[in-house]
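Shown next are two forms of a single protein chain, provided one at a time as structure tokens under the names structure 1 and structure 2.
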Structure 1
């Protein structure tokens, strides 16, 4: 096989999800009334923001050969902590938030710290204690959501200051600012994964941890970083979601984990570890929310979305298996 043909096959295999997204958008634009509008596309970008940011961290953990089921609850906890902080203006917490210019950096820092802390706890139990990542993060999914209810008392925090809420309504070039933040995160972490030693090490550790250990790579450090990034980005997703909804509730973000996981799988990240690119994950997120939007415009029941989403996940896993076999046979 010639190098040019091999490169073409690699390109097609790596970008199938983008081809699927283009086809779906064309079909919906031709068949779904009112779909082909700038406002609809802007809404798709905005709605995909929160799951998109969460999916970045989840993808990095999966590429490294692990799993993190706690990102949804982590996002809810970060949102609730910052929501309660600003609903009470920091009273009783030793923080004075009188100046508006402090609101955004302080709330963001708290959300990121809360998320990172959960990620580090998961990493400690998986890496140092040696527990299963599935069990650890499933337990975190449960206890962190319980902590959200405990600290909120089941009540909502709906008094975010105007200086923060403006982020949720601001637009740039007609696209919501929230969507630009999501795009920025994907660009930054795509470069990190594709152009830095850390990104290469994540892929190598996920593909063959024994070989990387023999090569002198600190596998534990890479895995720690993966869990910390996943928690940190989940915290950011929760912060953005709280801004968009002008507060936080005990059940905030319910169901986001499944959407994030589906986007990661559809985006071409192998559950076996060592394979995956973040631009594909973003295409997977956009594909999911394009389908959500089209179903809403057609007035179909919500269970149609669940059925299609489940089919897409199964198709993505099957496609991943077929791509691996095709690579082995042709490349």
Structure 2
């Protein structure tokens, strides 16, 4: 095998998930009626925003060797806080600030703070107290959702002021602003992970924390940062979700966790830690929401959609798994 041929195969295998995405989009366009239209693609983009933003943080925590099962509930909490404070109907308190333009930065800051706070609580229990990340964040998944129910009394807040809603309504180049936000996040965090010492340390700590500890790297700082970023981005996802919903409900975001994990795994991140790159995760998110959208359009019997979705996601993960075998076979 020539080195050039090998390099080509390497490249394709490294970006297999993008290839899958393209193939899937073509297949759906050809087989699902009305799938092939600009609006549908814009929808896929937009719908993948929330899980996309969440999946970035999740991927970073996972690469660092931990796990965060609470991102979904964290997003719900930050959405509920946003709705509670700024929505004008339902349980919304409809807080107004001096100037309308202040609404976006202030509400965003609050949402990010809420998310980061949950991330730091998780971090504290895992890093300082030494509990297993799985159980800590599973408990957070429960109690943070419980907190959402508690602060909302199970009710919903509606009608965010237009000054905030603009984020959910505007489009740029025909693509919703929401989608651009997730693209922006992916670009920033991809650079952070691939080109800076921080990103390098996340990978190394995820691979062998004992080695990095001995090498004088402050493991704890990296792990703290991972949880904080996961929480913060979950907070961002929640803020965006509240804007899109124009308020918040007690069960907002339920089920996103599965999608976030599926995207992360489809995108090639190893749940064992130490392995993964963010651009693949974005492809994973897009792939997932293409499937969701196609299922919506196909009009399958409703009782079977959940099974079919589970099966298709498994198939997508499977392809990623086969990558390893292919590499062994081909190279």
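Basically, rigid core = biggest C-alpha set you can superpose within 1.5 Å across the two forms. Predicted model, so just to flag it, every value in this text is computed and none were measured. Numbering follows the first chain given and starts at 1.
Engineer: The form predicted together with a further copy of the same chain: is that structure 1, or is it structure 2?
Structural biologist: Structure 2, not 1.
Engineer: Rigid core fitted, is the C-alpha displacement of residue 12 between structure 1 and structure 2 2 Å or more?
Structural biologist: Moves: yes, 2 Å or greater.
Engineer: For residue 314, state whether the C-alpha moves by 2 Å or more between structure 1 and structure 2 after rigid core superposition.
Structural biologist: Residue 314 C-alpha, core-superposed: shift of 2 Å or more.
Engineer: Would you tell me if residue 299 moves between structure 1 and structure 2 by 2 Å or more at its C-alpha, with the rigid core held superposed?
Structural biologist: Not so; residue 299 is displaced by less than 2 Å.
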